[in-house]
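Only one chain is given next, in structure tokens, and it is the form predicted on its own.
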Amino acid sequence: MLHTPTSALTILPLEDALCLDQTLHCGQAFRWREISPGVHRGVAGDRAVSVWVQQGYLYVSGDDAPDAEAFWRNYFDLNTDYTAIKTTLSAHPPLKAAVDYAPGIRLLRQGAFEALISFIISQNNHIGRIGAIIERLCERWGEDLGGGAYSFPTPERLAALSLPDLAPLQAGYRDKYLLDAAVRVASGALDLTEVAALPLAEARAALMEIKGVGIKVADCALLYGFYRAEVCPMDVWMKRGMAALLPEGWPESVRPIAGIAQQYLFHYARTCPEALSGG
């Protein structure tokens, strides 16, 4: 047994592979830490839990809400047929190699505002520092969930702050961008529910009205916060991966799930770069 629960326990059967290490620490979420081998502690929404996988089941310890099963099935995207997705991707040899390399990756379903702020903070930053800034943000203006865990602050809470208030975050020039985002969302000038329903080009344009939000940050927010699975954020590793493995772009059958395909290809390119040179 990897972990002995001390509070409410939710057990979810897995119909396909789920690798928590590859899913939680690949750069799509920043609030998870491995606290012991195979056991990860983190916060999603206002829920602080420990999670682990054992013998075909996902265990979630610490959430006693009546909707815990539905919430975590959604968060870990367990209602999506990843067997079918991987079959579609594997019809193309370069993508099959990426899927076979890390078949347990999933796209998390995170909150839209948290993803937006997190990827504003991510600009020209690395995963460790992004996580540290977000933790300081939550400790100061989130709700205390107990055990040293805090929820992500609401737009209204952040919108009430000033630039000097944000200085302890050590986020630098990004302060004015996250404050602008919070003010826009809190005031209703940017309605995230409406953004979720817009055609892709309009949704991207709406997010790019925020100070400092370019196409990459907007696409990260759309993929990770709105589950727009057709969106593929392009960073240096994806550009390298696409150039080496898919120089003509995504195959037609993959385009509706290019964001999920990107998860496999990004991890493959970043952790197995010799594959990009034929090594």
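Remember, predicted model here, so these are calculated numbers, not experimental data. One rule holds for the numbers: they count along the sequence shown, beginning at 1.
Missing here is the form predicted together with the DNA; even so, the following discussion is about that form.
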| field | Partner-contacting position among Arg174, Arg184, His92, Arg204 - heavy atom within 4.5 Å of the DNA in the model of the complex | value | Arg174
| remark: If we test each of Pro251, Gly45, Gly212, Gly56 for a heavy atom within 4.5 Å of the DNA in the model of the complex, the one that passes is Gly212
| request: Tell me whether Trp32, Arg73 and Leu78, taken together, all sit within 4.5 Å of the DNA in the model of the complex, counting heavy atoms only. | output: no
| request: Find out whether any non-hydrogen atom of Arg129 is located within 4.5 angstroms of the DNA in the model of the complex, and reply yes or no. | output: yes
| request: May I ask you to check whether Val217 falls inside a 4.5 Å heavy atom distance of the DNA in the model of the complex? | output: yes
| query | Using heavy atoms and a 4.5 Å limit, would one call Ser122 a contact residue for the DNA in the model of the complex? | reply | yes
| is_contact(Arg228, the DNA) in the model of the complex, heavy atom dist at most 4.5 Å | no
| request: Please name which of the stretches 153 to 161, 139 to 147, 190 to 198, 204 to 212 has residues with heavy atoms lying within 4.5 Å of the DNA in the model of the complex. | output: 204 to 212
| Out of 228 to 252, which residues reach within 4.5 Å of the DNA in the model of the complex, heavy atoms considered? | Pro233, Asp235, Val236, Trp237, Met238, Arg240
